[in-house]
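Okay, here we've got a single chain as structure tokens, the form predicted alone, with questions on binding and movement later.
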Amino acid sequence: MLGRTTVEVRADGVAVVTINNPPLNLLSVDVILSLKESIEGALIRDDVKAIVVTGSRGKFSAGFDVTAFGGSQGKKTKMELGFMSIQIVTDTLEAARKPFVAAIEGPAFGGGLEIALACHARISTSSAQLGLTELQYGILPGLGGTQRLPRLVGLSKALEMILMSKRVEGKEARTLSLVDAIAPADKLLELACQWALDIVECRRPWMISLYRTDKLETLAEARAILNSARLEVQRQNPNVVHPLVCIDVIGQGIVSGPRKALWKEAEALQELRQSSTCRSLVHVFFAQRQIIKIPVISKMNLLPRKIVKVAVVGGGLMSSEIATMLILSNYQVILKETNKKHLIDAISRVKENLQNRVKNGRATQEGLEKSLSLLEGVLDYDKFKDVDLVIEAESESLSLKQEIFSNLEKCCPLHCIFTSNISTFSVKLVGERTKSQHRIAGIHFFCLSPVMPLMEIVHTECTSPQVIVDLIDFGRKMRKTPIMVSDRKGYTVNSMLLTYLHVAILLAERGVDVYRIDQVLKSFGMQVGPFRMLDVVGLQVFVVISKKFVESLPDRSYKSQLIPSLQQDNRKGERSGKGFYNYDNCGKASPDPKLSRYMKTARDASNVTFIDSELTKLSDSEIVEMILFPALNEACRMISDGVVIRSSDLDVASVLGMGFPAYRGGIIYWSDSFGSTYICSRLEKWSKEYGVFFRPCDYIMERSAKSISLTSETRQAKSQL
């Protein structure tokens, strides 16, 4: 039995039951059975007065192993459904004749916290993390958490924690009465044991969480809170049912009693575990953990080197945006421009970016000053002697880039990493004149936006494993999820996002209402619609990145006239207060009735003299397909050419970089709901009607001909890693 528990009976009569399934003490059927055996053994021993449950190596339990979710479970009897939640947690642990106390250090998530909730008291460290995180996997708490948490912290707070998978630290948990006391890590077990003995001696109360009512609101108040929660869930996530099921189970306990609701919880868990939503979310969960695992490098046990100071070289708008992101992540930044005017303009843009964060309530003036103190502008390479990383963001001139990299080699320390933010040229070609190919790579931020948590790392066959490890760590410290891509001209995961935005613009210029497009994509589950996204990113930033994409891959992109028509009227997006939408002082967006005149200007400039009546008649599902299938087409090109290591990497990229709904599993995973034949036929149809921009790639055509899923990876990846 791999995952198990151990029992140690102390001289004072306290049995310490330790969950021992490293590294996170995850729960499984084996661990739960071992816990049951340990508890029952302690209960029948005459020398045991009380029991303390804890976790080994400073970690209580991070919950159930996620591999248990999402599979086919088959039918279960009522006894089987309630075996863990009722027979073990409720009728063995909580109903025991000897007091139980949980000693919580480190994570106590999901089922781990639910075990603690059933104890008669909980002691934690101030830094412990507690939360019921099951909804992020498409299920609900299944060991009694839907019933016990509301009774310990109140219904409103419990709903917030459960529905948002919110985690609280020990200090806040004490304020909420989720834990009964706080102790330093070195005294945690001792205090928990003493607390258990105090319960035995009636010096402290013996509390049964399941039947507490002192924190619950009145029935009328509870019904109002539950109804409000349902409406908010339906507003935010109209396509998912598991939060609503969870709310119903919580409500059942308040109306009909907790014991009856435990059975409903068990039945709901069994059903939700087999849902497509659960399978999709579990797929994304594992894909996110796989994305930074590089097969060759993972065997080397390399540790990342510390990056403290970063230099950004040239590029105007792009350098300013990158510098902003870096100082917001607390890096010391050297910003180099070619002349004083450009440098003043660049620093002014950084200040403007930070000031907008203050204006929108995302930062304070004090925070702004602190961030600015990390930035230094220069006109030469004299300050590059102690730089750890350089990000080149200069204009699209190969000779200029090669000259910059040659200068960097002369001025930077030997450990310094050289990266380029531009994808038009091969990264290897940019560094061709240097002798430092081993420390050269590419870094691409998704549309240069601080709100998009994805970062591409472009490697060549010469990039050293140590540099890749360093850049992965750098990305994670910037709160980005790094995705590895191979060095292919014009290939970047950004192209998937740009294609998505280009198609939306194409439809708008041909008569489909901008706000309808956004609403349809939002209803589908995208975090924001494409035009709202353009406003958030900034139209100028989009134009800079899009221009390079159009020039590099004209057959796979759309040259818009709509954005220029908006820019001519100083509509820059959310930061300027107007773009496709108008924005108030709080950043709240509202449709602009004047947008139609910009559409007309764009159509005139594109020589589109009519509104396409066929496009304006598209159903909501057809709009979704017509906008997302071309992005899927780009993703398939990257799989076919070995640009990414795994197709699941693109699922993560679509979720984090495009705002694709995680509960649909990512863009490649989602394609299985249609099949390659259908997707290919739709792209071919649009290609005939609207040009080669929609033409399906060879990968889709080949799989369509053989009726093979786009998710099955039968080709050997061409990536060097």
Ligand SMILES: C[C@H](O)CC(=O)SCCNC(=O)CCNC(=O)[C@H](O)C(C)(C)COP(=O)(O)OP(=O)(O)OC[C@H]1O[C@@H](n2cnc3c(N)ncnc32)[C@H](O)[C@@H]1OP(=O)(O)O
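Quick caveat: nothing in here was measured; it's all calculated off a predicted structure. In this text, residue numbers run from 1 along the sequence as written.
The next section is about a form of this same protein that is not shown, the form predicted together with the named molecule.
- Shown alone here, Phe384 lies farther than 4.5 Å from the named molecule in the model of the complex, counting heavy atoms only.
- Contact annotation for Arg167: at least one heavy atom lies within 4.5 Å of the named molecule in the model of the complex.
- Looking at Val66, you'd find a heavy atom of it within 4.5 angstroms of the named molecule in the model of the complex.
- Interface residue remark: Ile139 is counted as part of the site for the named molecule in the model of the complex, having a heavy atom within 4.5 Å.
- Out of the listed residues Ile39, Leu683, Leu26, Ala662, Leu26 is the one that sits within 4.5 Å of the named molecule in the model of the complex by at least one heavy atom.
- Only one of Arg289, Lys588, Arg235, Arg597 comes within 4.5 Å of the named molecule in the model of the complex through a heavy atom, and that residue is Arg289.
- Partner contact region in the model of the complex: 280-288, out of 624-632, 318-326, 280-288, 540-548, criterion any non-hydrogen atom within 4.5 Å of the named molecule.
- Contact check for Phe109, Glu114 and Glu134: all three have a heavy atom within 4.5 Å of the named molecule in the model of the complex.
- Taking the named molecule as positioned in the model of the complex, none of the residues of 334-362 brings a heavy atom within 4.5 Å of it.
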